[in-house]
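Next up: a single chain in structure tokens, the form predicted on its own.
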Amino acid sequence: MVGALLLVMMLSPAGAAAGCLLIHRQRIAEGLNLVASVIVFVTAMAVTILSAKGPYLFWDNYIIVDMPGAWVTLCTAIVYLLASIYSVGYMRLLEGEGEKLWSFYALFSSFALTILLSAVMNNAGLYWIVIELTTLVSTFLVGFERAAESVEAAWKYIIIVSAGISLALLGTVLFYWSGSFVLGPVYDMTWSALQQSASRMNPALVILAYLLVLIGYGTKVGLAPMHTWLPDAHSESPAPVSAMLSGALLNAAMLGIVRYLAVADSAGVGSFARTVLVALGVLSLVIGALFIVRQDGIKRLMAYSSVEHMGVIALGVGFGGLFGVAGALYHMLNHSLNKSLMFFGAGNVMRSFGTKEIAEIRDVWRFYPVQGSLWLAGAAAITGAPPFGLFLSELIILRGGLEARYAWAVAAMLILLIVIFVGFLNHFREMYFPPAGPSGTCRVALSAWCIAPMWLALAPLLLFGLWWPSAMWQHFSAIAHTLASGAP
């Protein structure tokens, strides 16, 4: 059953991409991608539920369906579905792009496929290959609009991220070498093999290898100070691509860090490894806070918010324990929903007002009372304000930090979250309640395709802030136990 569901999940975006390449028609491409995203969402839900009875291994142990990976596939499927709905309305607003929209949807479904594949790779080397594939595919999406700024962002993205991924490759090689002293010169480099042999590896070699993969995949995650590609790539991409980059791709790269951290724990160097990850999480919050407060571009504002929230997730993972892991996983889901909502809203106002500058976006509420209300609610949610899901997940992570005795990190997180709350919402005050002066000018009308996914993202955000499903808590508890026990 799980194998069949997984096959359908992967074949759906692959089939959509092939169909778009064969049939160069915009409406058919939209439909193929949308149908694929629905199938992926349904199958991901089923796989996530069934993963609790796993892990399941396929294709000579190269593919694994376990609870951490299944959770990432679910978050990816949610963003893919929301972004596919939004793409129908948003991409039609791009002037002069209609003739090549089939290529956009071919790339978009391929991008979703590579992210989904990364979450089920049971071989550390194959995981690296698939993560690199996500970079190659998404580079063309970042520069899709072919404006000078987009092309520059695409080049910056592929150069910086590829440099980071090269370090991750070196770390992977060192991990393999470490394992060869225990398992022999040739062995299957599965996650479980690394964890089970880690206690007999050289601790110094494990630390060096871990630092390399942390820097490498941390670059992909957007952790500071390796985050420099992220603001440009997210701000210059089409809005649906920005949502996928922030709400799906970053989680897939974080999964690699989680898996290698489990190896470091098994090797007896977990305390050092976690402290380094916590330090990078705090630094990401510092960078996010500084640039959010002084930001003048609307999508760059969202991009630095992604740096902040990846820092929060890194803190939860670094704190460890039941509350740290549960809070981080819950934050992944809430951030995926919330950041999709925020990028959709940003894309709408950019097309409506014809600008990316915050100072030139005025009277949003007057022109778009419904969409404006959704976007403002999302802005409150993304800062961690109650009663939305991110407030609850951040609260749980803070508790995890206190239990893990990282009081300094908890204090820094609290202070920086307050700074971000004030700075982020101050920008929205300027756009919604501008001082006396010339009014903004609305240029386009927004279709239901652009508004519906905002509703679909906000509703669960509110629900998850008011109610934590017991089944979800049990799922997180099982993942925390799995990561702590050294099981695959």
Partner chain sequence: MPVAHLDPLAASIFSLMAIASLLLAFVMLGSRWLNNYLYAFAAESWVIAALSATVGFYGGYPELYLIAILTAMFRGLFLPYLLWRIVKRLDVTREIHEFLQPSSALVAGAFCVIFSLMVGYRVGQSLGLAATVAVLALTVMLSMKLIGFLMLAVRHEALSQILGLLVLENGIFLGAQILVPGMPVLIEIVILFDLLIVVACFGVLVRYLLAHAGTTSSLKLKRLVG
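As the structure is a prediction and not an experimental result, all values here were calculated from the model. Positions refer to the first chain, counted from 1.
Just so you know, the form predicted together with the partner chain exists too; it's not on screen, but the next bit is about it.
| query | Though the partner chain is not shown, can you say which of 162, 373, 275, 199 has a heavy atom within 4.5 Å of it in the predicted complex? | reply | Of 162, 373, 275, 199, the residue with a heavy atom within 4.5 Å of the partner chain in the predicted complex is 162.
| field | Contact residue in the predicted complex, chosen from 399, 259, 300, 351 - any heavy atom within 4.5 Å of the partner chain | value | Only one option qualifies, and that one is 300.
| field | Region of this chain that lies against the partner chain in the predicted complex, out of 334-342, 241-249, 137-145, 106-114 [heavy atom, 4.5 Å] | value | Partner-contacting stretch among the options: 137-145.
| field | in the predicted complex, residue 362 touching the partner chain (heavy atom, 4.5 Å) | value | Judged by the heavy-atom cut-off of 4.5 Å, residue 362 is well away from the partner chain in the predicted complex.
| field | Residue contact check: residue 355 to the partner chain in the predicted complex, 4.5 Å heavy atom | value | Judged by the heavy-atom cut-off of 4.5 Å, residue 355 is well away from the partner chain in the predicted complex.
| task | Would you please decide whether residue 295 lies within 4.5 angstroms of the partner chain in the predicted complex, comparing each non-hydrogen atom pair? | result | Because a heavy atom of residue 295 falls inside 4.5 Å of the partner chain in the predicted complex, the answer is yes.
| Partner proximity in the predicted complex: residue 128 to the partner chain, non-hydrogen atom cutoff 4.5 Å | The answer is yes: residue 128 has a heavy atom within 4.5 Å of the partner chain.
| message | in the predicted complex, does every one of 409, 417 and 475 come within 4.5 Å of the partner chain, counting any heavy atom? | response | The answer is no: none of the three residues contacts the partner (heavy atom, 4.5 Å cut-off).
| query | What residues in 136-170 sit within 4.5 Å of the partner chain in the predicted complex, counting heavy atoms only? | reply | 136, 139, 140, 146, 148, 149, 151, 152, 153, 154, 155, 156, 158, 159, 162, 163, 166, 167, 169, 170 sit within 4.5 Å of the partner.
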